[in-house]
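Let's start with one chain on its own, the form predicted alone, as structure tokens.
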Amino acid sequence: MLAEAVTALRSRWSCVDWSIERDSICASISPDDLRAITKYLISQEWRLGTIVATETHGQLELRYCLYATRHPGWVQLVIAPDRMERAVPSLTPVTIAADWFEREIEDLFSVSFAQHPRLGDFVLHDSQWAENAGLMRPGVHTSGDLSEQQREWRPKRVLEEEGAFVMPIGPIFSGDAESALFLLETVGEDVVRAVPRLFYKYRAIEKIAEGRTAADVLLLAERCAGTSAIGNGLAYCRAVERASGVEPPARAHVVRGFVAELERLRHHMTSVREICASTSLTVAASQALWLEEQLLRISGETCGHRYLFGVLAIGGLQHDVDDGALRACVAGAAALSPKIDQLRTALENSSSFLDRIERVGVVGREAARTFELVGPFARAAGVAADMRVIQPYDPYPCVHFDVPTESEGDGYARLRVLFAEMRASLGIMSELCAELAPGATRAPAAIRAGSALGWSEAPRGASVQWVELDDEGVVRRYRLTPPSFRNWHGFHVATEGFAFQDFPIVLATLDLSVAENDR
């Protein structure tokens, strides 16, 4: 299929040197051709996975990574803008999915994107960071004083009618909620415009990774969001392994898939618990919390950590997991399955609960495709994209499961997808147990110079990561695109047009992580 795609691209842009490297079509192109080529690829059902900015010796390089949705494969388009102007054409007029990627790069690399509708005050807040701080540029250090020339920040308003006002929510919350500011504009009871202001706890993970060993950066990838250590950690491991030509043993692939599904099962139960709590169903929330705790205990007993830290290693696993422990894990999770079904049935039969989530927070299929949403958020709107299927990686090509989808795109549809995915994860775990065979669990990790993409289907959706290594196995550039970064971009679609009292419920059903975004 990639050969056919290359032929089609060559027929339209014959002056470009198109080549196939592993599972990617790669080409260095002129910035003037970027929009036309991307527009064509999108028309052929390719989707934007990430944009990687790199600067070496004053030369900026932008790598646009798109993945196919009809067959396995990627396209990587590389442009090198003029080193003096640092200006490139914006892709946002072609695909709105490029919007946040470009705003992030503008903040962190001081790049100007021509015809972008709105730049500035994104990752580096105007009230805290100096203009053009360019934190990710070489020679700029996080320990330096980058807070000069602070500017007063005021939210931009759209509504000017008499009686219009902005309702701020946050950025400080009680409990364990991360810092985020939500600006809700209204002229009455319904939200007309919703704007999230994130990155209050920007951690500069990509900057910190530079100059560290590949093994050390795995700790950062796992801890990008503690609730999805396997999802994000696996994408990083796969990027390093592909860059270095390291192939994990067969048993490692099986166990990796197993713990990824165990994490998905526990993660989705946490999401169900938060949805119940948002609707003030105290008893249901307590039942979900008990189920979540049981799954955390099973995870700890199986792998040594409740949130599965320290399981993965570059080249395989940090340590093997006994066959008996994996089978006991399946048995323990299966024993909880009737109680999970009971909770689902009770929620579906609660009219007061359904009144709060049904036809609320609606995101239609077209909007999900336009913003290129991922994970359960997208699948509840009928977009069945799942990296385990459309860009398969071991062990999933040998596993049989259906990708659950719904069509309504509301809070209830998202809840049903969560429950369906929990059932599917338990089935995958059982099937993988039957595939267990003795053997090594870690290949010699002979890290060498190279660069590659890695990806996985984390609980919240596609995690896409890029790594570039030197001869010593040290990370030159690490690019982390977790699913929440993609899905926060579509947050406003679900919240606008609904009542203020619906806001916390919609937010819970979207399952968006502030910590995962503010990396």
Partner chain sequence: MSWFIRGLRAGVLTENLPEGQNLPASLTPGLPRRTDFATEQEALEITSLCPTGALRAEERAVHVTSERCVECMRCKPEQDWRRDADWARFADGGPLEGAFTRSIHVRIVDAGDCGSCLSELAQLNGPSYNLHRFGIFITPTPRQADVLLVVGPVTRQMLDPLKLAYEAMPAPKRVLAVGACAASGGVFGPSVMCAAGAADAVPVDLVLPGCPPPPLAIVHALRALCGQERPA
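Throughout, rigid core stands for the largest set of C-alpha atoms superposing within 1.5 Å between the two forms. These figures come from a predicted structure and were not determined experimentally. Residue numbers count along the first chain shown, from 1.
Omitted here: the form predicted together with the partner chain. The next part is about that form.
Using a 4.5 Å heavy atom cutoff, none of Leu77, Glu366 and Val493 lies near the partner chain in the predicted complex. Although the partner is absent here, Trp290 lies within 4.5 Å of the partner chain in the predicted complex, judged by heavy atoms.
Taking the partner from the other structure, the partner chain in the predicted complex has a heavy atom within 4.5 Å of a heavy atom of Ala515. A residue is said to contact a partner when one of its heavy atoms sits within 4.5 Å of a partner heavy atom; Met167 fails this definition for the partner chain in the predicted complex, lying far away.
A residue is said to contact a partner when one of its heavy atoms sits within 4.5 Å of a partner heavy atom; Trp129 meets this definition for the partner chain in the predicted complex. Contact with the partner chain, judged by heavy atoms within 4.5 Å in the predicted complex, is confined among 383-391, 208-216, 187-195, 246-254 to 208-216. Scanning Leu91, Ala225, Ile447, Ile428 against the partner chain in the predicted complex with a 4.5 Å heavy atom cut-off leaves one residue, Ala225. The partner is absent here, but in the predicted complex a heavy atom of Ala346, alone among Ala328, Ala334, Ala346, Ala114, sits within 4.5 Å of the partner chain. Contacts between 306-342 and the partner chain, taken as any heavy atom within 4.5 Å in the predicted complex, involve Arg306, Tyr307, Phe309, Gly310, Gln318, His319. The Cα position of Asp176 differs by 2 Å or more between this form and the one not shown after fitting on the rigid core.
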